[in-house]
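Below sits a lone chain in structure tokens, taken as the form predicted alone.
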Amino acid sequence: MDENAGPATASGGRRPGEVPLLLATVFRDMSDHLHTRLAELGREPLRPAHGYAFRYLADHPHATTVGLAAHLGVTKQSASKTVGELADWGYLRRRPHPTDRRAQILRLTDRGQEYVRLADTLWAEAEQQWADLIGADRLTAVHDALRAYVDHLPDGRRTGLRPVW
């Protein structure tokens, strides 16, 4: 046996367990593309945690810092720091909670909603680069396979995009 041949492969030259690693690598490259483009556009130094916060806030119009912290899997203090940064940059506003004096409702501002649209455009650029590499039909097949996997998840696991700390 050739010791340089590497681990045994499944059909098609795929190593068992390689798909999650490839997905992580592609996601990291696409994320780097997004952040490079944001810097080129002169945007604030947003971190991936900000992006996850934007997505959560866009989908939860009555979000609180506690809810955001639970979604992100961080402490309330860490989520408060992220909320403060986004508020300072004009991406969100805080309003009194109607029933809990200790809590605040977090809402994206027009600028925050515009950022979500910009992020969608930048993600589409990265996706188009992938389509240019492998072809639109193959990217559609990848999309359909990933959608089938996500749709198969139990309801409690289909909670939206969350970080993997």
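One-based numbering along the sequence shown. Just so it is clear, the structure is predicted and the values come from calculations on it, not from any experiment.
Just so it is clear, the following notes concern the form predicted in complex with the DNA, a form of the same protein that is not shown.
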Original post:
D132, D120, E40, D100: which sits within 4.5 Å of the DNA in the predicted complex by any heavy atom?
Top reply: D100
Subject >> Interface residue in the predicted complex among A126, A49, A58, A70, criterion: non-hydrogen atom within 4.5 angstroms of the DNA >> reply: A49
Subject >> Close approach of A87 to the DNA in the predicted complex, 4.5 Å, heavy atom >> reply: no
Subject >> Touches the DNA in the predicted complex: R93 (any heavy atom, 4.5 Å) >> reply: no
Original post:
Is the gap between Q104 and the DNA in the predicted complex 4.5 Å or less for some heavy atom pair?
Top reply: yes
Original post:
Taking heavy atoms only, is V66 within 4.5 angstroms of the DNA in the predicted complex?
Top reply: yes
Original post:
Which of these stretches, 133-141, 32-40, 58-66, 110-118, has heavy atoms within 4.5 Å of the DNA in the predicted complex?
Top reply: 58-66
